[in-house]
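So this one's two forms of a single chain, laid out as structure tokens and tagged structure 1 and structure 2.
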Structure 1
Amino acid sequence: METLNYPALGETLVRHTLSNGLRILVAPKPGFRRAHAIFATRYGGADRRFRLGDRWIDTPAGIAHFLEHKMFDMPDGSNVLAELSARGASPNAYTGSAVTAYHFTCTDNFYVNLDTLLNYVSTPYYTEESVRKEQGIIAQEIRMYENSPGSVGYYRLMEILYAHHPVRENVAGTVESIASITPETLYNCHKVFYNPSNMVLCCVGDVDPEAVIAAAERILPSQPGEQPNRDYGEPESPLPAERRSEREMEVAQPIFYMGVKLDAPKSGADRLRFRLLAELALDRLAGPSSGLYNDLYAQGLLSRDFGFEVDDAAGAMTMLIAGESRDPEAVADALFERIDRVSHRGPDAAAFERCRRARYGMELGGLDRFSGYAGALFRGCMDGWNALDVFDLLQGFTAEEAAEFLCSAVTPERAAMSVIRPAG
């Protein structure tokens, strides 16, 4: 067991790896009643093709999300969610392109709830009847996505940005793809991806790291499983597969999703630093305190329903900008014009420094938002970086570096736009 101390942050992080390969991270928070635990596997919607031994295995789109839904079924017929809720816990789960995570927050009965979490995530139980029932439930969920302008706009953007990388597909799959899922498929995927050596357990709160480790040793399998070799296809071009997509749906005014493919380092601290730089540069360019955002808002080209992020999953990193606008093309033109202005006039160092300090403060405040803190811990562990290294990295960025990033990485040639226009 390794203990890392961060006096400047007032934080301690305990790390340990079991003999079965499970990585455990505990951030003790003495004096807090609330505690959060998250048990996550490096398995998401993009992990459809993988190799075990000498054979390649292809699985249906939506299998990881389907498996997440079915993990709450237990052989004795008990309802795990009801059991956790009855003890005052708030349980939930989610599936992304690269991870599936199961978690709960509670103020009492933490160790009993932790036992339940570890037990149900490590106990697969699927029947033909329950799979057929779930296919109907998830088919309804998929149809809801198909009628959601936000979901349609986002996934259409990913489809035109990426030629073949599976991040272009809806994590939930399609009605047709989930129809081919069987109990055998689910058992096989659980065996491969839910083995301890492919998982991370994170706990944040006034909890005892040794007790957390003991629970994992007592409940989980003692041996590591074989690590799958994932296949996301041939390397993508840095340019989008297509530049433009338009759909008509029932919306009051056009909704746009603009994306730029980023050529980031493969993993580790270098990838974390690259993503942080991209996020800072984007905040300086189009954040709520930027001249660009305020000019476009004053012209009626943007509403307050405007946002941006850097999406990093399954080896694909994408800069996303989205919102409502009566003229999405004018917004894109203004964005690239502002980047061109930076390349000629140079960056505003004082404005960048405000963005950097604000981000540092946001990250510092996040240490008391236990679910987000635990999420950052497990993602960093899976990707080869330490979430608390963010604070040192944020100290080193400069306005010149952010400006250079914008001018080299965010160009019209690398961008694509998906627009949802009002029907008729």
Structure 2
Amino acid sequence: METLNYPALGETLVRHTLSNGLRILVAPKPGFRRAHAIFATRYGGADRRFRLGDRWIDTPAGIAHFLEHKMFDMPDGSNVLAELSARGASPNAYTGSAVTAYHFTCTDNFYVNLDTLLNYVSTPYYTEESVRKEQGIIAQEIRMYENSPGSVGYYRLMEILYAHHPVRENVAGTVESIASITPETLYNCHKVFYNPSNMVLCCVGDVDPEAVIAAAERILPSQPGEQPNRDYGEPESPLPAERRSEREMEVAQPIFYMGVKLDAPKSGADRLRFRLLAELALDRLAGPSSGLYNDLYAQGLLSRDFGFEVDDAAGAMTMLIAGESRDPEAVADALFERIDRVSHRGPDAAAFERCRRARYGMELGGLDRFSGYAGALFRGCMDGWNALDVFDLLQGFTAEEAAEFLCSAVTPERAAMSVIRPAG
């Protein structure tokens, strides 16, 4: 057990790896009533093709998400969601492109709930009947996403940006793809990906790290299980597969998603540093205090829900810029014009310093939002970085570095845009 202290942040982090390979992270939060536990596997929508024993297996789109839904059924016919809820906890789960995470938040009975969490996620139980029933529920979930202009716009962007990397597919799959899922495929996926050595347990709250470790040791299998071998296909070109997508839906005004594939270091602290640099560069380019945002806002081309982020999943790092605008092309043109100006005039050190401070404050506030904090901790653990390192890393960037990043990574040739236009 290793304890890391961050006195300037008022934080402590306890890390431990069990002999079965499970990594455990605990961030004690004295004074808080709420405690959050998350048990996550490095397995998501993008992990469609993998090796089991000596053969490669191809699975239908949406299977990781389907498996997530079915983890709550127990062999005795009970449903864990109901059991945890009956104790007053708020349990839930989510599936991303690269991870599936099961979590609960509670103010009471934390250790009993933790036992339940560890138990059910390591107990696969699927029947023909329960799989059939879930197909109806998930079909409605997929229809809900199909109705959401934001979700459609995002996935259209990923489809044109990436030629074949599976992050381009909807994590939930399609109504057709999930129809072919059987209990056997689910058992295979659980066997390959739900091994202690492929998982991370993370707790944030006023909890005792030793008790958390003891629970995991007591409940989980003692063997690490096999190391999953997954296939995301050939490396992607740095250029988008297609540049444009247009769709019509019932929306008030056009919604746009712009994206750029980023060529980031493979893993570890370098990858974290790279992502942070990309975020800072975006803050400076398009954040609330940028000339770009304020000009476009004043011209009526952007609204307050304009935003951007850097997505990092399954080895694919993507810069996303999204918003609503009556003229998305004008927004894109203005963006590249600004970058062009930076490359000629050089960076503004004072403005960059303000962005760095703003980012510091934002990351600091994030330490009180348990589910987001726990999410950053376990993802970092899977990818070889420590979420609390961002505070030190932030001090090390220069305005020149951010400007250089923008000019080289964000060019018209590398960008793609998906637009949802009002129908009719």
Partner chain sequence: MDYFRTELAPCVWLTALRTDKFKTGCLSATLLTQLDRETAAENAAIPYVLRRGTASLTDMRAISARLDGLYGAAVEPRVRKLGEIHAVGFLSDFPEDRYLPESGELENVIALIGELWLNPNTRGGLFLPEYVDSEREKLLERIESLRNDRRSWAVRRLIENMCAYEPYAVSALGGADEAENLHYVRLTKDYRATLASSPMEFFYCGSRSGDEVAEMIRSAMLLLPRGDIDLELGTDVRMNAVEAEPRVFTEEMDVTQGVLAMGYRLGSCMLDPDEAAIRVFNAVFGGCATSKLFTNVRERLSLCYYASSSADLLKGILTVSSGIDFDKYEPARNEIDAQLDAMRAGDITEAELSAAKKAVANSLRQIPDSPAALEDFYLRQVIRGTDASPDDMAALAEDVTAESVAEIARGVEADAVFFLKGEDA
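Rigid core (definition): largest C-alpha set, two forms, superposition within 1.5 Å. Everything numeric here is computed off the predicted structure, so don't read it as measured data. Numbering runs along the sequence of structure 1, starting at 1.
*Asks:* Quick one: identify the form predicted on its own, either 1 or 2.
*Replies:* Form predicted on its own: structure 1.
*Asks:* Answer yes if the Cα of F397 shifts by 2 angstroms or more between structure 1 and structure 2 on a rigid-core superposition, and no otherwise.
*Replies:* For F397, whose C-alpha is compared between structure 1 and structure 2 after core superposition, the shift is less than 2 Å.
*Asks:* Fitting the rigid core first, would the Cα of D54 be found 2 Å or more away between structure 1 and structure 2?
*Replies:* Comparing forms between structure 1 and structure 2, the D54 CA shifts at least 2 Å.
*Asks:* Superpose the two forms on the rigid core and tell me the Cα shift of F32 between structure 1 and structure 2 in angstrom.
*Replies:* A shift of 2.5 Å at the C-alpha.
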